[in-house]
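Read the single chain below, which is given as structure tokens and is the form predicted alone.
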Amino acid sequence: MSSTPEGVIHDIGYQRYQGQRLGRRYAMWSLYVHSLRTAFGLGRGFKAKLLPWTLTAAAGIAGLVIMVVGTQTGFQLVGYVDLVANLTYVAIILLAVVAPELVSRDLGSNVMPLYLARPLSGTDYALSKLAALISSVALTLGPAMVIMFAGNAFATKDGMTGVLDHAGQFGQGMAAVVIHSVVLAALALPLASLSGRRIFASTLVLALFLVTAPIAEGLAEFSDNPEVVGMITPANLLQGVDNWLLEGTNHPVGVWGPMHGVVTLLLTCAAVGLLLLRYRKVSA
């Protein structure tokens, strides 16, 4: 019989990791930053950058034109808040492209188990992606507000009083940017997460915003309260909130302002709840 032992343990140098474990918060932050970079095509080719940067530039040019006309003629074509409302469809186009890019690719590639291997949960993943999508919309619309304010503040002939007046309007405009970004992103991301194919996900997002608009207009023709009927389309709903809270003029709602606010809040909470439920099922 051989004297060689049947089992031999070889030390090939593996060691336990003794470094710092950064944990769940760091993982969420890393996913947020990666998703925000993805939204604007950073670290990727020219084609990935083309649409988001074009839309951001278009919004900025709109703010620049309105500012120049206002400073040269003394007549402000569109206020800060109303400009955000007019740029709603710029945000919708961005969402139709970016929301599927953030979530559909992961679903279609079957890499979700890798993300959720720990410490991330399905809820962490969904909230990180939602935060990135909200930020991408805000960064697309926000520069237009900054351009308008900077030009108007330097060109005002009323001294510090004029600067403070524009600062107040700028604050209202940025509040509108935040509201529109949160609501639109919260509505778009659950729809994009329903399909692992980006073309289908984009279609779902566009359908929500574009199909409901003509339906609302048609129903409003036969309604005694067109402001209420108009709430079935997100663009009108948000413009009503702008009018109620921020002195916007695009979509006057009169006494129905508080209803627009309540419906917007409930709809946003429901959309976020559905998103979290969707990723609880995915993680299972």
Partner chain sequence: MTLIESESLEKRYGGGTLALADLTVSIEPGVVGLVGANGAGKSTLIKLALGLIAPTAGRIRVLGLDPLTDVEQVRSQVGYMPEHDCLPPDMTAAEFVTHMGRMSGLPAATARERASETLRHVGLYEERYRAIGGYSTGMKQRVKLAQALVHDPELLLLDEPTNGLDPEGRQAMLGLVQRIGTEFGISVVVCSHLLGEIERICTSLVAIEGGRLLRSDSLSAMTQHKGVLAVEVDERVDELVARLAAAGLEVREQGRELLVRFDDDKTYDVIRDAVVDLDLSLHRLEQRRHQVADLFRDPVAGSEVGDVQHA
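Residue numbers count along the first chain shown, from 1. Quick caveat: nothing in here was measured; it's all calculated off a predicted structure.
This next part talks about the form predicted in complex with the partner chain, which is not shown.
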ask   = Heavy atom within 4.5 Å of the partner chain in the predicted bound form: which of Val228, Ala27, Val65, Leu245?
value = Ala27
Site check Lys49, Gln76 and Phe154: each within 4.5 Å of the partner chain in the predicted bound form by heavy atom = no
In the predicted bound form, Cys269 touching the partner chain (heavy atom, 4.5 Å) = no
inquiry  = Against the partner chain in the predicted bound form, would Gln72 count as a contact residue? Criterion: heavy atoms within 4.5 Å.
reply    = no
query = Any chance Leu116 has a heavy atom within 4.5 Å of the partner chain in the predicted bound form?
reply = yes
task = Evaluate Arg105 for contact with the partner chain in the predicted bound form, applying a 4.5 angstroms cut-off between non-hydrogen atoms, and reply yes or no.
result = yes
task = Within 4.5 Å of the partner chain in the predicted bound form, counting heavy atoms only, one of 233 to 241, 253 to 261, 55 to 63, 41 to 49 shows up; tell me which.
result = 41 to 49
message = Heavy atom within 4.5 Å of the partner chain in the predicted bound form: which residues of 21 to 37 meet that condition, in order?
response = Arg21, Leu22, Gly23, Arg24, Tyr26, Ala27, Ser30, Leu31, His34
